[in-house]
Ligand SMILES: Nc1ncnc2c1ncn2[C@@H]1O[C@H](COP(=O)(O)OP(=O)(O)O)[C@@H](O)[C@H]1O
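Take a look at this single chain in structure tokens; it is the form predicted alone.
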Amino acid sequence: MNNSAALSTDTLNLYYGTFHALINVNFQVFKNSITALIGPSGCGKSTLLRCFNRMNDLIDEVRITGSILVNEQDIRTIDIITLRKKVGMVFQRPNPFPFSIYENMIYGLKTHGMQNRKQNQEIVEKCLMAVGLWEELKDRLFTPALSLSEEMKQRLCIARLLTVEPEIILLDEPCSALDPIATLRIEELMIELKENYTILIVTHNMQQAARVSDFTGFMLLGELVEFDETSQIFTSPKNEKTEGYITGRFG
């Protein structure tokens, strides 16, 4: 694991109109690690996650102060297409496009102007292999992606993201629509992927955070209450609010 920060914020504040959604957040995500954000619904986890690829820009009346850095570069200086290639996102519910599996896989490549058919086929194979789908899908590439199981759809969405070679993967509750067995498979995949990628995950599932993450941040009412190594957060948190949430006294 690398000790340099892939993502960081400094005194980050975000407002939805008059609502103060993120309050003085100082946060960092280390390279080639899995970092989990936990906390009750509405605490700002997903809002913070979406700051790192400027998804909040799509919402009216959002105002942001403070700084957000991607690999120590101010996010405001990065072209948005370049940023979203570098910092990819997988959403709560699997969202394959209503095309074939193959068309899903080359969608990002075509968007970025990669038209070499042979090269694209090699990338598709490599990325489906990375998520453990190649053997199962290699003879079904031109069948509808929407016919896959929920777990395979989510794996496909991760593979589709990998085709454009992101450095950082944002996962917003990626297992919330999956059963326990499928959830464990996605968790195993995350652990494999961190060798080559940096992963930031939002999860309501504290057991999941404890199982897969190296670092955990606990958020409450827009504030990052505590951030530490996951083992520390779950065994001896320093803040009584963190302890209250971990032990189920609220949330």
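Don't overthink the numbering: it's just position in the shown sequence, from 1. Note that this is a predicted model, so its numbers are computed, not measured.
Same protein, other form: the form predicted in complex with this ligand, not shown, and the subject of what follows.
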Checked Ser41, Gln207, Asn196, Thr65 for heavy atoms within 4.5 Å of this ligand in the predicted complex; positive is Ser41
Though this ligand is not shown, can you say which of Ile59, Leu69, Leu184, Ile191 has a heavy atom within 4.5 Å of it in the predicted complex?
-> Ile59
Proximity of Ala21 to this ligand in the predicted complex, heavy atoms at 4.5 Å = yes
Is there a non-hydrogen atom of Ser33 within 4.5 angstroms of a non-hydrogen atom of this ligand in the predicted complex?
-> no
Consider Asn53 of the chain shown here, and say whether it contacts this ligand in the predicted complex, taking contact as heavy atoms within 4.5 Å.
-> no
